[in-house]
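The chain below stands alone, shown as structure tokens; this is the form predicted on its own.
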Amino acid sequence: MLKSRTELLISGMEPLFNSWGRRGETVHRTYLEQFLQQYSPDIKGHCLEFQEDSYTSYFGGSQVTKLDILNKETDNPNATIIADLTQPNDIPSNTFDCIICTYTLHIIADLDYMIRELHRILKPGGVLLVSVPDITVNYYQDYELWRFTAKGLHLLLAKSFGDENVTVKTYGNSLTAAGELRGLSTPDFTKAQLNYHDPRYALVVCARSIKKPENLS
């Protein structure tokens, strides 16, 4: 018999599942989609997403006039641009109106270089939408390097975008963070539990960064 949520949170040493999505949508994805829904008006024009079209078309819809998919290796059939944003590349500056970068920065060794590149390839007035993990499982076999606090992500992005052009939001609380670590999913929580956000126990940290328009000093 499946254990109750309370039993899963307080008993045993191992989580219910060691892989995401076994019991419905994961909590971190629910939170990411809340963030993207809030800022969906930014997802327009010429957009860039990493690896596949997971969110751009869904949240941007008819606002998106062109979509490129970025991948570092050549083995991704979805990719329209092969480039490494931690190395010199051929992507033109001032190209994209919106870049969606989800759960990528925590595996990047040279974060400052990559953020500078993301800033460079955005058009003036363009928007970068980012999500990173805070309290979550460490999948060391996937070369995960970092976890982010809200202040840490803000500091990283502000180096290129400017402090006043970065907005950071945290999602989650002690219950949902503990629940995801134990293998629970979105259906295991009430709407009120999911929508209570306590920055001390953020499961996901997201940010919206705007490249300053050229006509502004």
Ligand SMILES: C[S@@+](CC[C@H](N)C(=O)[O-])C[C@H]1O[C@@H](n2cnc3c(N)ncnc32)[C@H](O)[C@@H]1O
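Counting begins at 1, following the sequence as shown. Keep in mind that what you see is a predicted model, and the values were worked out from it rather than measured.
From this point on, the text means the form predicted in complex with the named molecule, which you will not see here.
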Exercise for review: Indicate whether the named molecule has at least one heavy atom within 4.5 Å of a heavy atom of residue 73 in the model of the complex.
Suggested key: yes
Exercise for review: Determine whether any heavy atom of residue 55 comes within 4.5 Å of a heavy atom of the named molecule in the model of the complex, and answer yes or no.
Suggested key: yes
Point to revise | Partner proximity in the model of the complex: residue 84 to the named molecule, non-hydrogen atom cutoff 4.5 Å | key: yes
Point to revise | residue 107: touches the named molecule in the model of the complex, heavy atom cutoff 4.5 angstroms | key: yes
Practice item. Report the residue, out of 40, 63, 51, 34, that has at least one non-hydrogen atom within 4.5 angstroms of the named molecule in the model of the complex. Key: 51
**Study point:** Answer option from 29, 159, 46, 182, heavy atom within 4.5 Å of the named molecule in the model of the complex
**Key:** 29
Review point. Going by heavy atoms within 4.5 Å, which of 146-154, 160-168, 65-73, 184-192 lines up against the named molecule in the model of the complex?
Key: 65-73
Check your understanding: So which residues in 110-136, when you check the named molecule in the model of the complex, have a heavy atom no farther than 4.5 Å from it?
Key -> 114
